[in-house]
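Presented as structure tokens, the chain that follows is alone, the form predicted alone.
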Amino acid sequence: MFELPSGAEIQGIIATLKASVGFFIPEIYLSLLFMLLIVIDLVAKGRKNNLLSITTLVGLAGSLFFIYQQHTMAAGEFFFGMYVLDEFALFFKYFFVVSGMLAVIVTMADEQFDTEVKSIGEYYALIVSMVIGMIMMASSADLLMIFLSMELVSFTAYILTGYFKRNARSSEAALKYLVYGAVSSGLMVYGFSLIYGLTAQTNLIKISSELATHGYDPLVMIFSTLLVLAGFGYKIGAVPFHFWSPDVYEGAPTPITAYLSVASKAAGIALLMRFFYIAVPHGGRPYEDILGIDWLSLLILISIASMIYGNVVALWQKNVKRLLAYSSIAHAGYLLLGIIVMDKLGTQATLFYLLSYFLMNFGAFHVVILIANKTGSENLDDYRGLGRRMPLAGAALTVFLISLVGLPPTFGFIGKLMIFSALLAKGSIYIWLALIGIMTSVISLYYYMLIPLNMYLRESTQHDDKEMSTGMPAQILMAVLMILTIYFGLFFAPLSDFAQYSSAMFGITLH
């Protein structure tokens, strides 16, 4: 018979919630910012688009102060073990807030919003909502919280993908994203339900303990973990869960494409790493036994398939956004290499690679936006002769593409070097994985360099050599991102130390 909780139990629950709220200040602050943006959209008249964008930028920047304050707090679980605060979570809080700020800045430079929508309305509020959801994904330590945070991000992403309502490509992309997302979420929840049925627990640490203590049915665990992996794999866009990526990246507004390719992928990686490292008991064989299958071999196959498929299929792409979409699939494979290592060095390499990918990918999409503003096209053939007509854009895009390949002296080179070094440090058995990563990077050199080849070595069919101006703010941002891509390729120690600090507590069971 169901029993109501006693007064003492209720008081204990209230006390726990009060104690937990102090660890949740950045999320509360961002929730208030979300509501403020909705109110501004409802009451402001005239040039409210500028007011919304500035308010969003200032508000997101303000959240960095509250995140910084959390460095002094002790790492641990709160909200009854559903949420975790540690250095790993703080890394991603910074990552997602700065990603949101850059998405806002890139949106302000995209002239397509002026022609496609009359009012940007709730757009910036939805970006803040995605930031909140992704922060919660990185801190989730419970199956329920994992699902809720993923759905918050997913539903917001569906809306933002189809924000150009009168654009058929945007509407098609949103519908495909919704269908794929609904299927993957359903599969993941089914996997969660099977795990809960075996353990009667939703907390990752308690699940690990229950499975280690009482055992499990291997067939059920094989099935459930494959279903869970479908949900995580969809979020990071890895093969074979990548089918949504090319169409969504091509049809979505370009700032959202950049945001999804960087921040949403990082959120999936954070969740995948936390799930694997906490769900597996310490002291046992990593990846094996506790979940019924050899996770290591499975992740290796997914990583190899993503690197090969993404890079090979990108060779035939003529739309630049679609080309970068397949490139994003390949980069999911490179990120998985760090997860395969799954030790302190591998975690550090993965976090560092995310930082490099953030800078060079956002930079590339920013230039694609500026070129589309002037040419009205994202087709590779329409980039012919742009090196002379848009010299700074051509130079910046070339630097970003060189960094995406992983060539020195760029940020991307150091990122891939750290990933491959972490593999080699694990032993000779991982050498062939590093070789596959290097060979697929060589393949990517061909399709990445097609863009500067068109910009500098092929004549425009329009026979118009008049220089195109992109505006001073856009040029400043472009130049800053280009300089940082080269600067951190030469002086990477501070970011490497930050990645090392963020991985220091990761893997330690929290109580």
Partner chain sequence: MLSLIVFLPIIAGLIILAVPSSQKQIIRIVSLLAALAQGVLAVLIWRGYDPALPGITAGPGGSPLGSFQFVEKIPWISLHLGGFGSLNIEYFLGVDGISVTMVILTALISAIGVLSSWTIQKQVKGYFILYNLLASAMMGCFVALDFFLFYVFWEIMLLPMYFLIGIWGGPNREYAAIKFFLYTLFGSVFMLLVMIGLYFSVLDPVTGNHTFSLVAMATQSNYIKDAILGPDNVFWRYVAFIVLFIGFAIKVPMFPFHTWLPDAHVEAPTPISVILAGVLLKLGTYGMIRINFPLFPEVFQAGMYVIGIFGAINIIYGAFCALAQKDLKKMVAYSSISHMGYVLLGLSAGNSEGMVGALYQMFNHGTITAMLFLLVGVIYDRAHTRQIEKFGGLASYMPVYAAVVTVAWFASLGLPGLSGFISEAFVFVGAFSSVTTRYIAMVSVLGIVFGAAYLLWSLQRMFLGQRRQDAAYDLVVGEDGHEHIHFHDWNGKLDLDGRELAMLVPLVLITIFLGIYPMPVLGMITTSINKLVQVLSPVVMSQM
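Numbering follows the first chain given and starts at 1. Every value quoted in this text rests on a predicted model; they were computed, and no experiment measured them.
Same protein, other form: the form predicted together with the partner chain, not shown, and the subject of what follows.
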Hey, in the predicted complex, does residue 339 get a heavy atom within 4.5 angstroms of the partner chain? no
Verify the contact flag for residue 298: yes if a non-hydrogen atom of it lies within 4.5 Å of a non-hydrogen atom of the partner chain in the predicted complex, no if not. no
Should residue 14 be classed as touching the partner chain in the predicted complex when contacts are defined as heavy atoms within 4.5 Å? no
Does the partner chain get within 4.5 angstroms of any non-hydrogen atom of residue 276 in the predicted complex? no
Check for me: heavy atom within 4.5 Å of the partner chain in the predicted complex, for each of 163, 223 and 261, yes or no. no
Using heavy atoms only and a 4.5 Å cut-off, determine which of 314, 143, 414, 390 is in contact with the partner chain in the predicted complex. 414
Just to be sure I understand the contacts: of 402, 189, 372, 205, which is the one whose heavy atoms reach within 4.5 angstroms of the partner chain in the predicted complex? 402
Go through 52-60, 441-449, 473-481, 33-41 and give me the stretch that gets within 4.5 Å of the partner chain in the predicted complex, heavy atoms only. 441-449
Does any residue in 320-355 get within 4.5 Å of the partner chain in the predicted complex, counting heavy atoms only, and if so which ones? 344, 345, 348
